[in-house]
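Single chain ahead, by itself, as structure tokens, in the form predicted on its own.
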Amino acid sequence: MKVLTIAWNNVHRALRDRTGLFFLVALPLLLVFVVGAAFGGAGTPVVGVAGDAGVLRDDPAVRVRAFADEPSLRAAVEHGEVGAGLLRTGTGAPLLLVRSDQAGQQVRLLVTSALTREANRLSAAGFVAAHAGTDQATALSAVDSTRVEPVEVRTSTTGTALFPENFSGFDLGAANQLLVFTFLNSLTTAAALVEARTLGVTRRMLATPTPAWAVVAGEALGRVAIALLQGLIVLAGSALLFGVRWGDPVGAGALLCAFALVSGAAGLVLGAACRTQQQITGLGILLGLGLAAFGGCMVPLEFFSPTLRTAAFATPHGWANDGFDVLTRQGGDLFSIAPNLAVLLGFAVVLFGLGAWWLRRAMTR
């Protein structure tokens, strides 16, 4: 019972910190959105049109938004409100406005393809009208009713595709942010351990009929609970808000729990080793971001050189990243990530043993 009380006090303290709540809830989900939007979400691109939308109005690949004049359309394209802008003035050729970023170029290809199909249709109708002596409407009807034997095009991927076809930018960034913030917040919130020792709270607990092992176990459980809460917020929030698919739910839950154990144990070690809260903040950020970078949370592991990829698996982030890749990209299940879970649990056992010994020593000396 005392172990649970100590653990709950740690969680309650973290939830009462407004700055900590921002890093616990708002910032991870905000970064999932930013990364997902940057690498392309799953939504239909929006094309602004000043004038007649024409064939784009019925094209399922884009969504049309009408604008009253050219200045408002140009402003919307410049500010990124629409992926591209189509300006139709009189009988001249339409003007296509696009941004120079990747999303703008993708929308440009969609719009250009749709306009080219319509131009070919009108050209064929003009040819029919000129040679058959019919009006344009009749010629268009004849062109539309003519069945053209389709050309069969086959595509194949050599090797294994890096990302599945239905893999969105939100799917790409969610697992990385989960690992980064679960580990980072576990390290930085370990400042509560130093604060408790500095204020004499730990010594007062030991002066009561509370054994040292119960204090250590409560602090360790509190670290794990904070890490697990952080991971659940990112996992559930990204799934509900951005439609992120985490693969097999049992496998994703097991991987989250294993990484939370590692993160909580790392926080216990750092909280026992440091003597000031400033040390924990500095080392926590350095270790949290450094291990995340080496573990593939900034750049996918597939882009690493063979040497860096080997080094990535010296970190818990590398094993956790690989596990989430198996679940989300390869359709794996709990048994597929069993090696990843075993290694993460090994990290947790070693770090918990070191942290418990170090914290007990720091409390009793």
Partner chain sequence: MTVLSCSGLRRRFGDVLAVDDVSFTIGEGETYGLLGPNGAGKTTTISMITGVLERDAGEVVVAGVPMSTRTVAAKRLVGYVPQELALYPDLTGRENLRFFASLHGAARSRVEHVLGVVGLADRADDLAREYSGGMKRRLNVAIGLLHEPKLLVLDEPTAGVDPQSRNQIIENVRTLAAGGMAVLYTTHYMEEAERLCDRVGVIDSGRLVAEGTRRELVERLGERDRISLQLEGDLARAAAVAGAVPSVHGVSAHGHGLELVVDDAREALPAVLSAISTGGAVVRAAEFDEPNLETVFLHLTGKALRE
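Residue numbers count along the first chain shown, from 1. In this text, all values refer to a predicted model and were calculated from it rather than measured experimentally.
Beyond what is shown, the protein has a form predicted in complex with the partner chain; the following relates to that form.
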property	result
Location of the partner chain contact in the model of the complex, chosen stretch of 277-285, 201-209, 74-82, 254-262 [non-hydrogen atom, 4.5 Å]	201-209
Any non-hydrogen atom of residue 359 within 4.5 angstroms of the partner chain in the model of the complex	no
Residue 195 within 4.5 Å of the partner chain in the model of the complex, heavy atoms	yes
Any residue of 255-280 that, in the model of the complex, places a heavy atom within 4.5 Å of the partner chain	none
